[in-house]
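Next comes just one chain, in C-alpha cells: the form predicted on its own.
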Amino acid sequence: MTPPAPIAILSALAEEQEGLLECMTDVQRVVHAGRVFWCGRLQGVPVVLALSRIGKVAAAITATALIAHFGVQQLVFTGVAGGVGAGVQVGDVVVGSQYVQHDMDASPLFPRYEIPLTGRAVWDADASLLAQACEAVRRVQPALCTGVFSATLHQGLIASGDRFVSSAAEVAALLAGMRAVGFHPMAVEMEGAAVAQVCADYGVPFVALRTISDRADDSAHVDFPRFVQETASVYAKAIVLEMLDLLSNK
C-alpha cells in the first residue's frame, strides 16, 4: 500500500517552526538545496516542515524543493504580514483567498501586475484548503483571543513583493496602483504570491495565512520579537494543528 503523500508546512519565521517541531513524532532532519527540512508526523499526519526564507525567489526555491524532492501534495504557509485592508488590525489573521505580486511591472509589454507569459496576475488558494484554514481559525479563535489581540479572521487578497513596506506613503502608493485595476489587498508581505505561483504550476493545493504584526505604515509598531514569540508563533501552532485535525478527519 502506498503511504500517503506528506503535507508541507512552510513557515516564514523560525519561532513558528519551533512550536510545530516540538509536537512532531518520527522526526527526520534532511538537508536539501542548502535548506533544512524536517520530516515526520503531526497529529498523526505525515508532514514536511520548512522555513521559506525571505523574499520571493528564496521562498519559490523552498516550495519547489518541497514539491519536486519531497513529493508533498498540499502546502500550507504561515507567517506575519502588514495589514493594509480596512479593519485589519494587529493581532488579526488574514487567510489568503488570492495572491498577487505588487512589485511585478513588465509594462508596457504586459499589463501591470501580470506575470509575463502566464496571462494572469492573481493566483487562487485551493478552495478546500481555504475553507479548512478559515474553519481552523474560527475554532481556535476563542483560545487565541487574550484580551490584548482579538485574532479576528479576515479572508481576501494578499500582496507580495521584494521590499519591506513600512511607511504610510508606500502603503498609499501601493494601494492606489492596485485599486486602479480592481485589486484590494488585505495584507502585504514578501513571499506568498511566489509560492502560490509555484504551487499552481505544479498543481499542488496551496493556502497561506498571515498574522498581522503591524499596519505597514508609520503608526507605532508592537515589539516585534515579543509579538513573534508570544502571538504569531502561538497562532501558527494552534491553527496548523487544528487544520491537520480537520484534514485527518475528512
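Counting begins at 1, following the sequence as shown. Just so you know, these numbers come straight off a predicted model, no measurement behind them.
This next part talks about the form predicted together with a small molecule, which is not shown.
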**Asked** Since exactly one of 90, 153, 157, 165 fits, which has a heavy atom within 4.5 Å of the small molecule in the predicted complex?
**Response** 165
**Asked** Pick from 198, 207, 216, 42: which residue has any heavy atom within 4.5 angstroms of the small molecule in the predicted complex?
**Response** 216
**Prompt:** Does residue 188 make contact with the small molecule in the predicted complex, using a 4.5 Å heavy atom cut-off?
**Reply:** yes
**Message:** I'd like to know if residue 202 sits close to the small molecule in the predicted complex, meaning any non-hydrogen atom pair within 4.5 angstroms.
**Reply:** no
**Message:** Taking the small molecule as it sits in the predicted complex, is residue 81 in contact with it (heavy atom to heavy atom, 4.5 Å or less)?
**Reply:** yes
**Message:** Looking at 42-50, 207-215, 25-33, 57-65, which stretch has residues with any non-hydrogen atom within 4.5 Å of the small molecule in the predicted complex?
**Reply:** 207-215
